[in-house]
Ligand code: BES
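One chain follows as structure tokens, the form predicted on its own.
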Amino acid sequence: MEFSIKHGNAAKAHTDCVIVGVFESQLSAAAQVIDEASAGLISKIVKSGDFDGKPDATLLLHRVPNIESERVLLVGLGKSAELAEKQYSKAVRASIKALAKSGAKNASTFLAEVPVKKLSTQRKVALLVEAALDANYQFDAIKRKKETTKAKKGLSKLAVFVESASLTKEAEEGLAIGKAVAAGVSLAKDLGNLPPNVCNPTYLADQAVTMGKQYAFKVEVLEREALEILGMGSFLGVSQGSETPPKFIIMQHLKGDKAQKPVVLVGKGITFDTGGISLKPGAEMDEMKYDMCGAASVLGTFKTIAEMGLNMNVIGLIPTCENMPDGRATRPGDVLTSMSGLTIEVLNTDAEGRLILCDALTYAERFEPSAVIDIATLTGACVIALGHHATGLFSNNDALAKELLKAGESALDRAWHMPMWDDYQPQLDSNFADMANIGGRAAGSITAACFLSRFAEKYDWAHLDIAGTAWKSGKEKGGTGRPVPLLAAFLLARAGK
């Protein structure tokens, strides 16, 4: 979808469709312009009860008198005093979805002119673009028979109107941010949605290398031999049951001051998780292709900050492998030696994400980071605790946790701060190693975070458990691209943007 920033009269916009907002008790400024030009048509429709302005409601009108556009789309905004970021974003999404079923190819939206609580024009435009591109997303990359009927419909161009020419520069900044975040989200979705026989560790490494060449940042991929030399016995223990070799991807976006300590993002990259010898049930096991969504979110975030040219130092670390059962696979009862030297008794081979992340967290020490954030589809227990709405957030530094929470709120990609008290640590005790890789059923997401915390004691660290937020099941099955918006907002805030 192509975007442009414009300003002008809604009644005179020459386009396939003009999009205007309607509140429950009043018309938006653009809707009033349409109403006056059409001899009160919209007011009559509202008065008749055919459109009430409720949130997400839409009504497509054709050949409205004295309006140059072929169509006018009314979008419900709810109560004007209550319009905030989330409802605004949903209204944009509803408008794009409504036009996807029409013959309109280009449209002019006046939703960026609508006042939204505490939002600047830049932020409104960024949110609008993110929501529009997300609503327009389709994944048919591996379908032989494309959905031709859908391909013929939907918008290809969207003009975003702002109140005056003086806001053009600010709006264009928002457009650039929105497009960059949406590009990162789209990449993360694509990677998650690809089948595991395509998107394997080698594929992820190739994507990182290609992106590094495209955006001129450094990428290094470590193979099994290098991992053995580093002593990453925990990571290698997970990978040894698979015919597909493990990869350790290192990306360096070094656009900040040389003295600036980097933020390190660590993404779990299990491209398929059978559970290993502790085999998962067969039902819905296909969704375990999404167990690399942490890695996908790091790649997506790197695309976003590269598109922005963000003046900051950011390191991306992705340990990636498959968790498969065969004669060489790690068994329950085995003891692995991590890169840190700490030994781990494997009580359940399906608790493998923490085993590859712990070595990556140790590796992160060499960058002397200002903060390390790991992102992982780590525990089903987090889904039980928080459902599919909020990402679980754990941290050894409250200030860092607050930064991430704030970023999540502003990006509509929320997280919830979970406890990680020392009281939980004894659940990881082992009679045969320094620790066990699980702490029992009670507080499963917390003990998983406690496990990781033991490898992150030398820096400020946060852990994002995205098991409930990285993908959707059911009819709308597919990757969500989360938490790319949260991470992008966090990095933008740290860069002072």
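Note that residue numbering follows the sequence shown and begins at 1. Remember, it's a predicted structure, so these values are computed and weren't measured experimentally.
Just so you know, the form predicted in complex with the named molecule exists too; it's not on screen, but the next bit is about it.
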(message) Taking 4.5 angstroms as the heavy atom distance cut-off, pick the stretch from 372 to 380, 76 to 84, 300 to 308, 135 to 143 that is near the named molecule in the predicted complex.
(response) 372 to 380
(message) Suppose contact means a heavy atom within 4.5 Å; in the predicted complex, does that hold for all of Phe248, His253 and Asp359 with the named molecule?
(response) no
(message) I'd like to know whether Gln260 contacts the named molecule in the predicted complex, with contact meaning heavy atoms within 4.5 angstroms.
(response) no
(request) Decide whether Trp471 counts as a contact residue for the named molecule in the predicted complex under a heavy atom distance cut-off of 4.5 Å. (result) yes
(request) Please run the contact check for Asn397 against the named molecule in the predicted complex: heavy atoms, 4.5 angstroms, yes or no? (result) no
(message) Is it the case that Ile438, even though its partner is missing from this view, gets within 4.5 Å of the named molecule in the predicted complex, heavy atoms only?
(response) yes
(message) Can you pick out, from Ala456, Ile446, Ala30, Ala467, the residue that has a heavy atom within 4.5 Å of the named molecule in the predicted complex?
(response) Ala467
(request) Quick one: from Ala205, Leu227, Ala351, Ala390, grab the residue that has a heavy atom within 4.5 Å of the named molecule in the predicted complex. (result) Ala351
(message) Can you list, in sequence order, the residues from 249 to 286 that come within 4.5 Å of the named molecule in the predicted complex, counting heavy atoms only?
(response) Lys268, Asp273, Lys280
